[in-house]
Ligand code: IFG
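Here we start with a single chain on its own, the form predicted on its own, put down as structure tokens.
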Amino acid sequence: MLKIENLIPLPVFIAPTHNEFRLDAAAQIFIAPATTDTLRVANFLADDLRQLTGYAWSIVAEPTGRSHNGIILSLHADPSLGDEGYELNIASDGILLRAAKPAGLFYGIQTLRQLVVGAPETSAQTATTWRVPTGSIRDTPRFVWRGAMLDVARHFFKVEDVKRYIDWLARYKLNRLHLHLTDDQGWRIEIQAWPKLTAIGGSSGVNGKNSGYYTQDEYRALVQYAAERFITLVPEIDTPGHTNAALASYAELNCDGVARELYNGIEVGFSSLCLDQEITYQFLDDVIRELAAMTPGAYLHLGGDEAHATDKGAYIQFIERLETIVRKHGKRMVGWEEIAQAKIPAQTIVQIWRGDHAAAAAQSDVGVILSPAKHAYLDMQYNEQSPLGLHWAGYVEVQDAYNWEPATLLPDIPERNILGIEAPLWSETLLTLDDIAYMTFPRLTAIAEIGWSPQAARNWDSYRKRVAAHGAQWAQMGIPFYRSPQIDWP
């Protein structure tokens, strides 16, 4: 039975009317006005529906009069919808999707896609009619930052794998991809001023596997691919710790002038740039300059976590100087919560993963991203039997990923400072896209709902039923997800 309520993330308002709209071979997509952005959104929808239904799905610009038996995408002035909100009205004779901005249209079609997928009368190969449940939806996101992080430094993942991950984020209305590009095990982004970073630092990986790096053209392609899906790519260069790949590439970045050996283990906290030498700051200025030029988004993530091999006083001075370099190149610095120990301006963003520095972040009155490891780390094992992942923060089952509230997680952090949430996926144990998928689903959908849906509407019993319905869609898409015993899968 088709249910308009089987949506993730749960919309702000749903009013089902208990009928259905039937998609047939004559159906069309109408757009008004016809702009570059609205045409792009319409093409996303058309491509998906063509693949699903086999129908032609032509796009008609600027329709005259009322369009029956089709889907209308319309931009209209409604400030209450903001940049990402939308209204979706599904009737038995047609579908109308309205938004104030193109991003809202894009998120509206994600909702519509969920309602069509898995709704044929028979199977995808033999269906002649596809159905969509009728009703009205009005929807806006709770948080402006709804993200996921992919670690390509421990193990490298190719461009096509990252694009697939971006597609998964877009499907659940996430709007940030934090790409962890450097660590002790590998340097994954070409920096023309320092070519040995990739020639040497890009040649390693955990256990010697999955080495590689992105050329600047490949990186730009990822940025563009994400932007087309209204996702801002946030690159991370981790520093001053987690830097062994850089220290192995250039001897002069070490205080003793001796290049380090490449590292393929998973221990942390042993490496540090030499903070007493000006060459270190020239190096960082060059890296940040080139990365900023390739990244149209407002943010550069500079890590700052687990710098156990760095003197605390030197660390604080380093973070303060680093922030000025980032700002000089026109970007806002994002860093893991340890950077809150320094004197940082309010425009800096602190990503909290343990909570040890929450009070310091609150005192600086900075924007905060919440990534609590015991709830949001997608690389944590589901249970003791999980074949992938680690468990230093505990085991994170689907209910653990869902049952937490950002506003009350850390008493030191006022809700007004919370920009949003992010789900990191570290790759120490992950080698393939299937590995990524297994650790991502279903937990990513839990994080997506926390980031988008109003707190009062969220309910574990409701979510576990809805996510069960999505399992059939993932199976149809060939996504090897984790079949949690907490969910009654069909």
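All residue numbers refer to positions in the sequence shown, first residue = 1. The shown structure was predicted, so the numbers you read here are calculated from the model rather than taken from an experiment.
What follows is about the form predicted in complex with the ligand, which we do not show.
- Taking non-hydrogen atoms only, residue 242 approaches the ligand to within 4.5 angstroms in the predicted bound form.
- In the predicted bound form, residue 237 stays away from the ligand, with no heavy atom inside 4.5 Å.
- Heavy atoms of residue 336 reach within 4.5 Å of the ligand in the predicted bound form, making it an interface residue.
- With a 4.5 Å cutoff on heavy atoms, residue 379 counts as touching the ligand in the predicted bound form.
- At a distance of at most 4.5 angstroms from the ligand in the predicted bound form, none of the three residues 47, 116 and 173 contributes a non-hydrogen atom.
- When the ligand is considered in the predicted bound form, only one residue from 353, 143, 250, 168 comes within 4.5 Å through any heavy atom, namely 353.
- Though the ligand is absent from this view, in the predicted bound form it lies within 4.5 Å of a heavy atom of just one residue from 306, 400, 87, 190, which is 306.
- Remark: of stretches 402 to 410, 218 to 226, 298 to 306, 89 to 97, the one touching the ligand in the predicted bound form is 298 to 306 (heavy atom within 4.5 Å).
- Contacts of stretch 409 to 426 with the ligand in the predicted bound form, defined by any heavy atom lying within 4.5 Å, are made by 426 alone.
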